[in-house]
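Just one chain is shown here, as structure tokens, and it is the form predicted on its own.
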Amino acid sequence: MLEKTGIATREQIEKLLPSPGRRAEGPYAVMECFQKIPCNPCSTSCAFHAILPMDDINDIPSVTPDKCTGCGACAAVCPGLAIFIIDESKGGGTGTVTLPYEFRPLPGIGETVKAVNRAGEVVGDAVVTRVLPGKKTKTPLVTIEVPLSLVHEVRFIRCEAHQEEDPSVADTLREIPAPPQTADIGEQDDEVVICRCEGVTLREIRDLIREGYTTVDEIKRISRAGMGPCQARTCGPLIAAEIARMTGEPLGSVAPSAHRAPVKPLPIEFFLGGDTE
């Protein structure tokens, strides 16, 4: 299911949760990171060492719940926006979800917003209780209060007041399709970042395709998209899908980029014979 839709199942989420006793004590981090990619800002940012050190930068992060304070530092630095802070200890039948929110304008404290699940479906209303603008990390964190039954379902918000102020936002939301079965970025905004490692936008990819670069490798060499630490694990299929969309070629006929060893980051002692001295 996750590989086809990008949506984690309930069983996958439950495996990430701490014990009921720990959940009742206070806020804790839920790391919805299921793919082995070279990424470790969460581990290096945790001042309480609650996120276990990684033997390999491609490891999936793991949390020690008893050390986690729910401070949110990891959620603010996660480039995949895959970390959420949950608090089920409030009582009164409600809990809070702290989530990354990279849109403008930010909602205000006390504002009622629409709570959205992983599939992009509105599941109810939520009230904003805290907003951290993200001046240092560049990723704002918004805390919302929702019914306790929804704390593991809600992963985004829609600000209805902002949509009314800017009709184009509402139009865009109505045009969002169901989760694709294949890599397809369609008619998304030109400023969407396709290659996070090298900061290459969809506009740059489209401009190169219009200039006649119609293979993933050509675009890789010109733009550096796919040359970062993840070795095109994410952006490669997206670039291929955009080439197919703009040229009318079948997606299966667009060759992936070439990969040369090493295909993942390796510690320097590997090349020195394994002796750390």
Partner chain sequence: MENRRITDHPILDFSEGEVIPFTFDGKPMEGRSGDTIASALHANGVKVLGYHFKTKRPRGFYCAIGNCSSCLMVVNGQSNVRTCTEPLLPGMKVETQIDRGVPDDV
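Numbering follows the first chain given and starts at 1. Fair warning: this is a prediction, and the values are worked out from it, not measured in the lab. Whichever C-alpha set is largest while still superposing within 1.5 Å between the two forms counts as the rigid core.
Here the subject shifts to the form predicted together with the partner chain, a form of this protein not shown in this document.
- With the partner omitted here, the residue from Glu88, Glu204, Glu160, Glu111 that has a non-hydrogen atom within 4.5 angstroms of the partner chain in the model of the complex is Glu204.
- With the partner chain omitted here, the record of contacts in the model of the complex names 196-204 of 196-204, 142-150, 88-96, 124-132, defined by a heavy atom within 4.5 Å.
- Among residues of the shown chain, Val63 is not one whose heavy atoms approach the partner chain to within 4.5 Å in the model of the complex.
- Although the partner is absent from this view, Pro229 contacts the partner chain in the model of the complex, with a non-hydrogen atom inside 4.5 angstroms.
- Shown here without the partner chain, the chain has Glu102, Phe103, Arg104 in 100-127 lying with a heavy atom within 4.5 Å of that partner in the model of the complex.
- Superposed on the core, the two forms differ at Glu204: its CA moves 2 Å or more between this form and the one not shown.
- The rigid-core alignment places the CA of Cys195 2 Å or more apart between this form and the one not shown.
- With the core held fixed, Leu238 shows a CA shift of 2 Å or greater between this form and the one not shown.
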